[in-house]
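Quick setup: one chain, the form predicted on its own, written in structure tokens, and binding and motion questions come after.
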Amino acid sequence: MAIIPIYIAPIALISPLGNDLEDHKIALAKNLSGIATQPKVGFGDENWPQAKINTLPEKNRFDHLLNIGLDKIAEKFESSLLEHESTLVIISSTKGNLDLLPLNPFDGIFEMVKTKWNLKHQPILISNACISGVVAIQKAADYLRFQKFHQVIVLGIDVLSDFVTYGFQSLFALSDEPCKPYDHNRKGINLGEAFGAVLLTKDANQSNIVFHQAITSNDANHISGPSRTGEGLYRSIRKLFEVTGVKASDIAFISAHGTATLYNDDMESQAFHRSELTNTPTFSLKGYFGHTLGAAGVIETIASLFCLQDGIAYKSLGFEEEGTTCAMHICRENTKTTSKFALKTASGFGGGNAALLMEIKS
């Protein structure tokens, strides 16, 4: 049976870098960061660098950001498409609206989206730590290939909260300066918040970028620590190459996870080395957006779409000195690319790993 081509297009992006796609395309090309020091956000009133959307209110940030994002998408599509029987919505979020605690933080999300857009189908939620966005995109493609849907909108959203900040602080995973993915002097992550959305469709008129496949694996190492050899991520990449027939030499760039924590960055270097990707231009977007959890896979895929369209790989902000076990080709500046394939990877708590492949058509 022939595989149905699936096309992917960016449709919305909101972060400290801007409120629409063009804002972000300009900011990323200029290597601008949305990270700034936020006062007294730690559990001991410490100051921590974060990528915060300052226009959001302090309370109920999740619902406000979701509403803004939904309105922006509605402006781009006729209501008849959103309301059509062949349209599905998938939401990627690790935490939902934590202001609802101790109640279910995901309560109300489905009804908000379904009612606002008058959807025919109940939205689907993917919450699988920091690989949620990539998993959601893969599930969208599965629904298109094997179900009756003609288009799937994937939303990625998470916001800053005391719950998340205190949690990462208790793990000694926060950096007191802008993060430095893969750098010898990296200290940890900066948290961020964002909303992003992509459209996956069977209609070739909607995009010139093909979504090929995403593969997930679990390294079963530790609830918050990755395999020290990159085994799970390596298996995801290896299987992705097997099922698509693409080789390591075909990849233009890697948009990697790059949290700037000691073990994550090191295991990625080993997984890429084992996958024969040592010389492939690689960058992390955490220095631009911070770590946005459930939104990361979606917004970083959008940035990868920009890179494919413009034939570049972005500078990996914060990188100065090699600091991983295996050598990597980390982009010190925006780098021109010639190949038409992009690899996006993600890793997360619980041992999850994911690798996603896209191709731009000429």
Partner chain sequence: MHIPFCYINPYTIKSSSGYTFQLQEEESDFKTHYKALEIEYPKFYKMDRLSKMAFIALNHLTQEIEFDQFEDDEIHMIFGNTSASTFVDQLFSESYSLQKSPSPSLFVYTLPNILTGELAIFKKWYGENCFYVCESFDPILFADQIAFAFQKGAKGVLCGWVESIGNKHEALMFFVKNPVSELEIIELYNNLEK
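This one's a predicted model, so the numbers in the text were calculated from it and none came from an experiment. Numbering follows the first chain given and starts at 1.
Not pictured, yet referred to below: the form predicted in complex with its partner chain.
Colleague: Which of Leu199, Val89, Ile215, Ile251 has a heavy atom within 4.5 Å of its partner chain in the predicted complex?
Modeller: It is Ile215.
Colleague: Note which of Ser224, Thr278, Thr244, Asn208 lies within 4.5 Å of its partner chain in the predicted complex, where distance is taken over heavy atoms; exactly one does.
Modeller: Filtering the options by heavy-atom distance leaves Ser224.
Colleague: Is there any non-hydrogen atom of Gly18 lying within 4.5 Å of its partner chain in the predicted complex?
Modeller: Although its partner chain is absent here, Gly18 would stay clear of it in the predicted complex, with no heavy atoms inside 4.5 Å.
Colleague: Against its partner chain in the predicted complex, would Val135 count as a contact residue? Criterion: heavy atoms within 4.5 Å.
Modeller: Close contact exists here: in the predicted complex, Val135 approaches its partner chain to within 4.5 Å, heavy atoms only.
Colleague: May I ask you to check whether Ile124 falls inside a 4.5 Å heavy atom distance of its partner chain in the predicted complex?
Modeller: It does: once its partner chain is placed as it appears in the predicted complex, Ile124 has a heavy atom within 4.5 Å of it.
Colleague: So, His150 and its partner chain: in the predicted complex, are they within 4.5 Å at any heavy atom pair?
Modeller: Answer no; every heavy atom of His150 is more than 4.5 Å from its partner chain in the predicted complex.
Colleague: Since the chain is shown here on its own, which stretch among 67 to 75, 177 to 185, 164 to 172, 261 to 269 would lie within 4.5 Å of its partner chain in the predicted complex, judged by heavy atoms?
Modeller: Result of the contact check: 164 to 172.
Colleague: Taking its partner chain in the predicted complex, which residues of 325 to 362 have any heavy atom within 4.5 Å of it?
Modeller: In sequence order, Phe349, Gly350 come within 4.5 Å of the partner.
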